[in-house]
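Taking the form predicted alone, here's one chain by itself in structure tokens.
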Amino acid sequence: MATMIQAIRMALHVGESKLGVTDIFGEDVGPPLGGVFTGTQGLETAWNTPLDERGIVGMAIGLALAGRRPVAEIQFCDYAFNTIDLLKIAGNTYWSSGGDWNVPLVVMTPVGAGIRGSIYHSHSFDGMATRIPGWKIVMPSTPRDAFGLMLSAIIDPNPVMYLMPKALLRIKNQPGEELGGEPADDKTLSQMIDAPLGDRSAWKPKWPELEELYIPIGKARIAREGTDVTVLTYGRNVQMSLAAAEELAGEGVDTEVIDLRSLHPYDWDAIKASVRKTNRVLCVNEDTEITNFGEHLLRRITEELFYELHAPPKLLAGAHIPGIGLADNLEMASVPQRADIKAAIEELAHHEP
């Protein structure tokens, strides 16, 4: 049973061994650490860069234009904000060259709160990423989706932003969500692919024979079917929305949870079908509430599905504050929690049309 970070690492192994990935790089990505979250341990093409996010993104663009297929990591998304101009170049190159030049690269970066990272290691990047045209943007909520979305990102000819919800990196896949080829026993898998503590100079991973699994970019997942309220969410908030939905089921509220998985392109057909079924919609994410990606979804829902709605559509997002609090109570007050999601669903469900 793989964790999400193990699933990402195994997907990168498939990428470098079967799909043409030539360079996996970033700060502490290569040996001996293999990434601050262990996402690149044991990978043959992983190498370390200086502490220079602009250099990392610039190098990725250059390698992609030179015919290589890179996967670059920004160690925490908080430090991607100083690369916006370069991300814009990666996104507009195909358009500005009249289709002559593709930029097939993946930028992966951990996002969000949940690990007590405070002001420098807890930001979200989804709102900013969706404001940079030319990129595809994905965020998994399960290890299986993390594996399949990474493989799809690797083979895509466009630049892809792969956002990793750091609060979920240690969750394990559930029965029925196996990757295909991984050992059933998590200890066995750990012994095969997790680097030991101490001296790692002679260590080599023993990769399982993994099947190629592709989760299509732009295709949402119905994480829970329901009839009363639609919750549109992704990443860490999928798990909390499901937990809130199960609590409310005992109180007579049937909640549908849509895991978007892709922020661009997003699955408008799935959103439209769910809203038409439930007539009530809540968008949930961790990014700050002003100019939030959820606001875009609510704008489109209001414009195109206004007469389908039985209650005003609602956004539940992070507070518009400069950073995330360090203490437990401050962090929990900064971004949505399960109780907040439950209360928002209840309010929508009981709104009289």
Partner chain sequence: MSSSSPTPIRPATAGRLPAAQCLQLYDVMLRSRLLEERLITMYKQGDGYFWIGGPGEEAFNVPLGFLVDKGSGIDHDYLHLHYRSSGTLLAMGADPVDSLRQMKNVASDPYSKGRNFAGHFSVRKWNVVPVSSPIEVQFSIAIGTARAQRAGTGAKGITIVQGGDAGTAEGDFATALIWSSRKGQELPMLMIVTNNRYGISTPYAGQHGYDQISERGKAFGMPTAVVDGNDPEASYIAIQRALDYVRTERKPYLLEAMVSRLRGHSSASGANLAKDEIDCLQKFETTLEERQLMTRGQIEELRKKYTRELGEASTRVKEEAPPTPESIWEHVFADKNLVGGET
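Numbering follows the first chain given and starts at 1. Keep in mind that what you see is a predicted model, and the values were worked out from it rather than measured.
Quick note: we don't show the form predicted together with the partner chain, though the next part is all about it.
For the three marked residues, 223, 233 and 248, no heavy atom of any sits within 4.5 Å of the partner chain in the predicted bound form. Using a 4.5 angstroms limit between non-hydrogen atoms, residue 120 touches the partner chain in the predicted bound form. A residue is said to contact a partner when one of its heavy atoms sits within 4.5 Å of a partner heavy atom; residue 180 fails this definition for the partner chain in the predicted bound form, lying far away.
Shown alone here, residue 99 lies within 4.5 Å of the partner chain in the predicted bound form, counting heavy atoms only. Under a 4.5 angstroms non-hydrogen atom cutoff, the partner chain in the predicted bound form has residue 264 among its neighbouring residues. Contact with the partner chain in the predicted bound form, judged as any non-hydrogen atom within 4.5 angstroms, is confined among 155 to 163, 171 to 179, 142 to 150, 224 to 232 to 155 to 163.
Taking a 4.5 Å heavy atom cutoff to the partner chain in the predicted bound form, the contacting residues in 44 to 66 are 47, 48, 49, 50, 51, 52, 53, 54, 55, 56, 58, 59, 61, 62, 63, 64, 65, 66.
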